[in-house]
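First, one chain by itself in structure tokens, the form predicted on its own.
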């Protein structure tokens, strides 16, 4: 994992003073590091009951779609409001600085789907928890959540205690 850690760039005071942003851009720029991260994200779930991969806008699309492609499974995007052209289900959730909404098509999941949720970063767990709620609202079951980076000091994993959580890098 040292190879992946070296590809995470710290950006101080972004998006606001006092925050150290974990930038994955150098990781996705390096094809070998990106391939390694995708393979490590999916490794614990190979041969499992997973039937679909979901990812949140926007960086979850990068890793989620690549994992779905590698595993030969459908990818379901969880989007910001107004981005999907068909009928949607939505879920609202609170952030430290306001609120947000995620949406998915009403027919995005099959009733017996077992879903692996993927994103680049687990911080407070608010977005991931809302994503799980949206998936379950649509009739599928979240089996696990996988992240490239987990900020352990923010305890986001605690909000996901009903699910298996797999993170590649811990800060």
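Everything numeric here is computed off the predicted structure, so don't read it as measured data. Residue numbers count along the first chain shown, from 1.
The protein also exists as the form predicted together with a small molecule; that form is not presented, and the subsequent description refers to it.
Shown alone, this chain has one stretch from 30 to 38, 64 to 72, 134 to 142, 120 to 128 that lies within 4.5 Å of the small molecule in the model of the complex by heavy atoms: 120 to 128. Using a 4.5 angstroms threshold between heavy atoms, residue 83 stays clear of the small molecule in the model of the complex. Taking the partner from elsewhere, residue 58 is found to have a heavy atom lying within 4.5 Å of the small molecule in the model of the complex.
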